[in-house]
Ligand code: PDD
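Okay, here we've got a single chain as structure tokens, the form predicted alone, with questions on binding and movement later.
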């Protein structure tokens, strides 16, 4: 059974507990990070660590460990699951204090937790899914990987109720992202994705897909596109740490292209799998 890393201690899951006065519990005052391990090898750890640091800095929460210490913690967690194929979840909150108050006391000691969950990295490109177009109701600092995910959860539930795998969000007609993913479209063999500004969480997988696509000889443009441009795209796909490259065949009642895996999407997905730190195709 995988252990939980909590405030410098290794505990069984049933032993791990935090104070009811933890500000993460009371106010969602904290951040998180998610990273995939392939046979004990993490994809782009430095980029995940840099995003962790950016979120902590934005929240003015001190980072309790160095980059090397975090890598050691994550590797130890990954080694506890089958084949060391793991999704590592890190959560850091501002800490706990009593009595409850909105303005935190200075110099609180952060609460630090990390866990590992076994996963099976995709061996082939997944079949296209249906998504649902929804208005982006979240706050305006989506670039911070905040544990305050109520808006994301509400949108994900609504998309599921409508029969969608994931929502595709927009603000006043400008496409932003999903509840837990980034979106790409393809038009005339050019790949487009929304810019990494405050309206989206710039995914590490998103960044890697951009690089992989460019190395495959594709033109990639990081620029805003409209709902109308989304609906008329030749291809669409979403990306995340756990899904890698996931084709989208339908948005609501609107079919994208022929509804199948597009050739550019397949090209990128194949190149992504080849770029992973451990190739499952070798088995």
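Positions refer to the first chain, counted from 1. Predicted, not measured: the structure shown is a model, and the values here were computed from it.
This next part talks about the form predicted in complex with this ligand, which is not shown.
This chain appears without its partner; in the predicted bound form, the one residue of 65, 32, 45, 38 with a heavy atom within 4.5 Å of this ligand is 32. The candidate site formed by 179, 201 and 205 is fully in contact with this ligand in the predicted bound form, as each residue has a non-hydrogen atom within 4.5 angstroms of it. Mapping the unseen interface onto this chain, residue 241 counts among the residues with a heavy atom inside 4.5 Å of this ligand in the predicted bound form.
Using a 4.5 angstroms limit between non-hydrogen atoms, residue 94 is distant from this ligand in the predicted bound form. Although the partner is absent here, residue 115 lies well away from this ligand in the predicted bound form, with no heavy atom inside 4.5 Å. Residue 152 belongs to the set of residues with a heavy atom inside 4.5 Å of this ligand in the predicted bound form. The chain is drawn here without this ligand; in the predicted bound form, the stretch among 123-131, 137-145, 186-194, 96-104 whose residues come within 4.5 Å of it by any heavy atom is 137-145.
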